[in-house]
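There is one chain below, alone, in structure tokens, taken in the form predicted alone.
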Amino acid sequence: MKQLLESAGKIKSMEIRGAGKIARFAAAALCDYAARVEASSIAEFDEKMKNAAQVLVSTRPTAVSLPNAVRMTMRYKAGSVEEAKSAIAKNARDFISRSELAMKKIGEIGARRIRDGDTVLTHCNSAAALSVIATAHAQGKSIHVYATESRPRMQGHLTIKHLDKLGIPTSFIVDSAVHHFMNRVDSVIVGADAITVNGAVINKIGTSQVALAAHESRTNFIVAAETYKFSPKTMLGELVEIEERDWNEVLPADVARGLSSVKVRNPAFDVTPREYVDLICTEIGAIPPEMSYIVIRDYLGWALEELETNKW
């Protein structure tokens, strides 16, 4: 369990960040834990694996890629411990491979929405959104990117380093400048940490304001997301929990010292209504947000009964 707790700590502390990376890391961590588990019966093994799954899922409550990766890795039926270990290892390998292939496919599909000479704005540090931008650039399209800081964790620094390495002309802007520059933008492309059954998008805090500015300016707002970012639990009426992180990500200790009437609120994500989303680019195609239910029911294949009996 020590190695699993260390893995969970890396996710919680954001040493491992990005919904896709978290998902793949969790699947690999479960696979590694399963191989190490000592159990005298399949019942004992199942119980230990369920506890391990819960430890991982509890680290980041908003990123639905995490519980989806855990569910897919834990989808096994076995008569012995060795059969279970083998099934979990196969599930983890399949999920990781599928996730990596999804990123490439999303890039190919999304790049068709970018024209030569377009200006694109992106928020935070989404591997899927960057795959779209990088693919369009690799196709020889001349594009310019506006990238936000993405406070308070400043994930925008990772984005501009990636874009600079690719040689893509980029303007780095503060989050509050999005509205100022929106009329110069042809498309907004962002990632997602979760997509609900009604097509609402949960993503890095500030995304909903970017979407509102795009909507007002009649600028296309495109979400790039793997299908495992869609939230099955929302079919049961559950809301996606919005994670709030520590105050010291926002306020330096020397400023906070002595303040007695100030409470810092630090939500890590917000909700963009489907009315502001023009398209969701997934590995199975570009879809309108209204098709989210079909993706969850028919492609991911989660039955309501399975969700109701599953803790994670």
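Note that the structure is predicted; figures quoted are calculated from it, not measured. When you see a residue number, it is the position in the sequence shown, counting from 1.
Below, we turn to the form predicted in complex with a small molecule, even though it does not appear here.
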| property | result |
| --- | --- |
| Distance check, Met14 to the small molecule in the predicted bound form, heavy atom within 4.5 Å | yes |
| Contact test in the predicted bound form: Ala127 vs the small molecule, heavy atoms, 4.5 Å | yes |
| Interface membership of Thr73, the small molecule in the predicted bound form, 4.5 Å heavy atom rule | no |
| Close approach of Ala192 to the small molecule in the predicted bound form, 4.5 Å, heavy atom | yes |
| Contact assignment for the small molecule in the predicted bound form, among Asn91, Gln155, Thr170, Thr234, heavy atom within 4.5 Å | Gln155 |
| In the predicted bound form, segment of 197-205, 134-142, 172-180, 107-115 with a heavy atom within 4.5 Å of the small molecule | 197-205 |
